[in-house]
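Presented as structure tokens, the chain that follows is alone, the form predicted alone.
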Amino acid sequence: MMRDVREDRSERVDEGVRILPAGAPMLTGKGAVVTGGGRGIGVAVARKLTRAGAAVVVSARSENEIESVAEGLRAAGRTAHAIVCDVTDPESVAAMAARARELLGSVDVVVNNAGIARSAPFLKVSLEQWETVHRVNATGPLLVTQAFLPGMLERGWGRIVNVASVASLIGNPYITAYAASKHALIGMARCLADELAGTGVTVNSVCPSYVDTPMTDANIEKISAKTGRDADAIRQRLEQKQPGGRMITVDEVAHAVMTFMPDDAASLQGAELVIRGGGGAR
């Protein structure tokens, strides 16, 4: 059984073992970075992490959005910072990582949440669409993880969680580029998990079905514009396809991310946690 977030625990540091105060949340003293932190799932994850005691950097390309998120967390008494970053740009990722370490002291948790979705019939998938989706959904997590993994290995503790998708595990019509990029993300995580066995650093993935987010809203509007179908009818159809008859909430995804955080979750390595409300990956 996993510990309660307020159960006492010790934390390994360079000088030995530091005993946290009684009742300290499980991530007290930890630093966390959440990409795609300006909206939707990223905001929910950042809130959960700070409630568990972590100091958080929210990162995305949209400065206004991440600044607003960080301000809201600080207003709630949490420690939060905003850093602009394009996860597809190695120089931008390196600069973000350096600034995050400067602000947080150490980065012990990385949540690779930045992502985009594109849809098209297979024969209309352009090379540009394919490469753009893969750069964000697969290359981005590679670059971000590589930036922070060495520090985690040095400290002997770290948590890397990828926000993937049920499309990481199955295929559906018209989402070839998206599903392939998410399959790549899972493949990367599985390989890295084997490399990290026994290091104290874990890498896992959450795989939600349709989540009620601004990105989903935008995709519904695009489908509506292409097909002429009513947007509300499209949303209703998507909801009816889910076992629970509704979309997954961002808080449900954030809760799943937190499953991998406790010290006694160290054996959760290379796992894919499907969030669909029933019926497995499909």
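Everything numeric here is computed off the predicted structure, so don't read it as measured data. Residue numbers run from 1 along the displayed sequence.
Omitted here: the form predicted together with a small molecule. The next part is about that form.
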Interface residue in the predicted complex among 192, 142, 186, 211, criterion: non-hydrogen atom within 4.5 angstroms of the small molecule: 211
One residue of 41, 57, 257, 27 in contact with the small molecule, assessed in the predicted complex (non-hydrogen atom, 4.5 angstroms): 41
4.5 Å heavy atom contact, residue 222 and the small molecule in the predicted complex: no
4.5 Å heavy atom contact, residue 249 and the small molecule in the predicted complex: no
Proximity of residue 115 to the small molecule in the predicted complex, heavy atoms at 4.5 Å: yes
Distance check, residue 237 to the small molecule in the predicted complex, heavy atom within 4.5 Å: no
Stretch in contact, per heavy atom within 4.5 angstroms of the small molecule in the predicted complex, of 193-201, 84-92, 103-111, 151-159: 84-92
